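Here's a solo chain for you in structure tokens, the form predicted on its own.
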């Protein structure tokens, strides 16, 4: 009798697992739909949906159902938003976000609940540092990576004294830290670190301070609407002609249309560039333009690759999202065939990737060279 009961229970478990695998996989998209970063959120979602569409709407054999939340780039609302997706909407996977402060809250909840989290933008170093976990992966970058690569570039150009300027929040602080680490290691000196609260865009007083300091160059981290205004204000203040401006690539990615001629010639570092020319990127750009009547940017690539990583993990477990260790193992050993060029993930689950030096020409961030080959974030504080 006991054997029959056990067999029946086992059959029920197997049936329920099979049923779960046949059910739709709920993906919670927690991205900004309003505010400074709205366009970035749209590009990430477009990229993610494009890859899922290319797989016939299924990953690991399971049809994808999207549940969306506008995170408003507001860290104060982040924990409530992510808990709604997990507890109310019962999502199987979390995808988000852009703002580093919001991503930190997402990472904490994902770590506490064991929910699979794919970060398609926010570069907060801690996500793949002290907050790292077997169920957390990033398809984008750490804030340290583009900053560090640009520190090397600026030093090689012979600049000795640099002023940095950014928003006072995790992304800005960490980008500047990466730049400073490489630049000062090569003998340069950051003479002044300027900042203003996110998402403030009143730059005039700080631009006056830059002009008075007369540095050899300026390094900056801004993105979205703030990046548009900073580049325009920098040029309007007459600084573009006298003090070279360098930035993490978000300064000119997805913003060139609005920046116009004021961005022309700017040098930035990022893990993607327009006109990379590889076959994977050519196919991606064509498919994206056909689907959305827009040219893709780095954010679209990161969304696309987040979906690729999820697909690799789910394929390994035939869609059974409960098999977290097997999903992690599959992504850890994969070479992701990205439009940016193939990349792998580090032990702390951050991309190990080429960082490109790009120059603005018209409405493109054109490839100049590889600034740093297969650059891995140090993953400081990660104990996986």
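Positions refer to the first chain, counted from 1. Note that the structure is a prediction, hence the values are computed from the model and not measured.
Although not depicted, the form predicted together with a small molecule is the subject of the following passage.
In the model of the complex, at least one heavy atom of residue 100 sits within 4.5 Å of the small molecule. The closest non-hydrogen atom of residue 40 lies within 4.5 Å of the small molecule in the model of the complex. Using a 4.5 angstroms threshold between heavy atoms, residue 118 stays clear of the small molecule in the model of the complex. Residue contact check for residue 165: none of its heavy atoms lie within 4.5 Å of the small molecule in the model of the complex. Against the small molecule in the model of the complex, the set 254, 272 and 356 makes no contact: no member has a heavy atom within 4.5 Å. Judged by heavy atoms within 4.5 Å of the small molecule in the model of the complex, the contact stretch among the candidates 88 to 96, 169 to 177, 204 to 212, 155 to 163 is 169 to 177.
Shown without its partner, this chain lists 143, 139, 268, 128 as candidates; in the model of the complex, only 143 has a non-hydrogen atom within 4.5 angstroms of the small molecule. 123 is the sole member of 151, 303, 247, 123 with a non-hydrogen atom within 4.5 Å of the small molecule in the model of the complex.
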